[in-house]
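Shown next as structure tokens: one chain only, the form predicted alone.
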């Protein structure tokens, strides 16, 4: 039996001395531009100031009060293009717009303070009396967790309904274990449970008017945050092929007790991952770590156009992933037994910018070639489950089955039903879902107090 301890464990964060030394670099800006750069309003300028002044409990309270998933965001947020991008310690100027120094490592300090609270047993948030009525939350991803925690602190009795066996949504089932481990998640969830939030797992809110029935069952309001759990396909409607996996199914298999089985399947195999985003990098790196012989990342655009963060791309390269850039997958090759044997690919060149603002990949005529592989993972984006609008037929959705909700309140077309997270935005950052949950929680309180 292989030892997967390292695979299932995150790298250690700052220790106390490292966190203090980094916080001491903070310039204590009066207007704290870093705080303005946080979508979830975690207030890094405030918690770093308190930490620098040795008010550690106050710093932790600032984080957890403003962002119940402060630890998670400290680990998973692309802080270098959010709060840290705005950091004054970079000493930017017109002459040096890239900065003359480096930003304070805000995410690392934030993670340290949350972990320190667990180590010391600080429970900075207390469970209030739950006398404001019942609210239902559908989905236990970051949006649902954030909304539930905000409402629980305001005295509401909140129940989170989760379709899967364990809570956490995408941060449990959609992230590489060594990037975000179960032990950390359990502690973050425990902080939410301590506020009185109830989790009901293995409970799907589906079927005709599933969400609306919650209002009939005594819940005063509903927040919808089920996430996006259908993987986009290279060839929509593609019949099942043995060895062709979606990123959703593959990453979930690493988290739900099937890790050893998946590792056995991948050991010594040649694997191709299609895509250039964060999920593609996770798929490629994990495949290499569980024993694949060679892993190819096939991406139709260039290196600089990859949507993944630079640190994610570098981690994949350092793991030994082979990058096949400016290559467009066209079709799959199979054996007589319908087992994947390769990918038909065309080389591309960059043309004019498309709607994304990036130069569009244009296939080069006559450049087709075949890549022999044993396993293919499609990591080209997630979508709403096609039948999801049937679960809330009164709620307006768009052509992609995403819920139409007011971005400032989370209100939908049905009175008493609110929504946020990826089911509204499409694929986005954890911190944006946290923001949506907070916004909706405030709007729900206003709605119920009318």
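All of these numbers come straight from a predicted model, not from anything done at the bench. Numbering follows the first chain given and starts at 1.
The same protein also has a form predicted together with a small molecule, omitted here; what follows describes it.
Undergrad: Among the candidate stretches 203 to 211, 232 to 240, 323 to 331, 117 to 125, which one is within 4.5 Å of the small molecule in the predicted bound form when only heavy atoms are counted?
TA: Single hit among the candidates: 203 to 211.
Undergrad: Are 177, 276 and 308 jointly within 4.5 Å of the small molecule in the predicted bound form, each by at least one heavy atom?
TA: Not one of the three qualifies.
Undergrad: Of 359, 347, 134, 164, which residue is found within 4.5 angstroms of the small molecule in the predicted bound form when only non-hydrogen atoms are counted?
TA: The option sitting close enough to the partner is 164.
Undergrad: Taking heavy atoms only, is residue 251 within 4.5 angstroms of the small molecule in the predicted bound form?
TA: Output for residue 251 is yes: heavy atoms within 4.5 Å of the small molecule.
Undergrad: With a 4.5 Å heavy atom cut-off, would you call residue 51 a contact of the small molecule in the predicted bound form?
TA: No, residue 51 is distant from the partner.
Undergrad: Could you confirm whether residue 140 comes within 4.5 Å of the small molecule in the predicted bound form, counting heavy atoms only?
TA: The answer is yes: residue 140 has a heavy atom within 4.5 Å of the small molecule.
Undergrad: Does the small molecule come within 4.5 Å of any heavy atom of residue 192 in the predicted bound form?
TA: No, residue 192 sits far enough from the small molecule in the predicted bound form that none of its heavy atoms falls within 4.5 Å.
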